[in-house]
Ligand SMILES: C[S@@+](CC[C@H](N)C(=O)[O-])C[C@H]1O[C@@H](n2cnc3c(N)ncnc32)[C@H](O)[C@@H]1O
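Take a look at this single chain in structure tokens; it is the form predicted alone.
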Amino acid sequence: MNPGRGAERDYLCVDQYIADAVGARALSTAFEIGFIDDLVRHTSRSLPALAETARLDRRGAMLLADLLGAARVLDFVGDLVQLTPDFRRALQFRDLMEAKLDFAATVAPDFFDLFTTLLTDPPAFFRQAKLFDLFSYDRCIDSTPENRASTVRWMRFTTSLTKYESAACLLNHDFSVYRRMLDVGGNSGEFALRVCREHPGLRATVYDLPVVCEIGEKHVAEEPEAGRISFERAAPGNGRLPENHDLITFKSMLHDWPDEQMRSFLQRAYDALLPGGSLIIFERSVVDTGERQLAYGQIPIALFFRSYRVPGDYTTALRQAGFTQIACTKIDLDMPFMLVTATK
């Protein structure tokens, strides 16, 4: 199978419903007021019945239905309304769809109001953007109700992405040879969960900030694999990574860090890894829309465009850290990904 060309790409069908701002906003409202849930429960409904359930007046229901029809969410059959077959299939990825809708709506003002600043004055954009206020890692140290609520919000998005992106990584690398995995910056533990689910002989440690670990422990607690997944809090000022692992992974983590810190993480990983062990980097590569217009749903990812690297940035740093057998596989998902592997 060609990398990234099979069933592991099925979740990308949600992107067509978040392609433009108007259709995406209408869909968000339809979820919010129960419009979609009513149509999930019934094969078809009259517009007056939908309006009554959603507490809309006739004109409001007509406008929403028309917008959803233009977005290929609804079909109109005589006097009845129903979900399109394609949208019904996309609802199997509803958690991802709603997370993407929410995230795009949250940071869209950064693009529409601050795009000129993003291009001309990156430090000013960093200070003003909702994006970096949302991803505020200094709120991940002390466990308070406010910090937990803030962290849960962005972790919902990153967890949803990892849940579906992980399949391509698992398809393109053999994890069966490992026994102890360390996922650095492992977030909610979703990546570790996906790997452990496929490989019952594997145990995983998630290494991240204290509040992230607290939320992550709850995220995996009810899963059958929970007993094989532990969380270790990153201590401020402690440069060493946990040892005695034959696999260290960085999934969508290193782009958060400038080059110097990225190289430091890879050197620390080399020092901590067991001899003969492997390191994996699974990351987005540089944003390249080609001749395609950037979709509304891609705004959150595109705002990080200066953070993404080309494979050579990582392979050079790995070589400098002492790794050998360095290889890179390119995988096409919602944008180009790279799977970089290396051996100590």
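Start at 1 and count along the sequence shown; that's the residue number. Here the structure is a predicted model, which is why all the values come from computation and not from measurement.
Unshown form predicted together with the ligand; subsequent notes refer to it.
Visitor: Just give me the single entry in 265, 231, 87, 103 that has a non-hydrogen atom within 4.5 angstroms of the ligand in the model of the complex.
Guide: The option sitting close enough to the partner is 265.
Visitor: Of the options 274, 209, 80, 171, which one has a non-hydrogen atom that comes within 4.5 Å of the ligand in the model of the complex?
Guide: The option sitting close enough to the partner is 209.
Visitor: Which of these stretches, 126-134, 68-76, 183-191, 88-96, has heavy atoms within 4.5 Å of the ligand in the model of the complex?
Guide: Stretch with heavy atoms near the partner: 183-191.
Visitor: Closest heavy atom of residue 162 to the ligand in the model of the complex, within 4.5 Å or not?
Guide: Although the ligand is absent here, residue 162 would touch it in the model of the complex, with heavy atoms inside 4.5 Å.
Visitor: Does at least one non-hydrogen atom of residue 117 fall within 4.5 angstroms of the ligand in the model of the complex?
Guide: Residue 117: no contact with the ligand in the model of the complex.
Visitor: Could you tell me if residue 252 has a non-hydrogen atom within 4.5 Å of the ligand in the model of the complex?
Guide: Yes, residue 252 lies within 4.5 Å of the ligand in the model of the complex.
Visitor: When the contact criterion is heavy atoms within 4.5 Å, does residue 158 count as touching the ligand in the model of the complex?
Guide: Residue-level check for residue 158: yes, a contact with the ligand.
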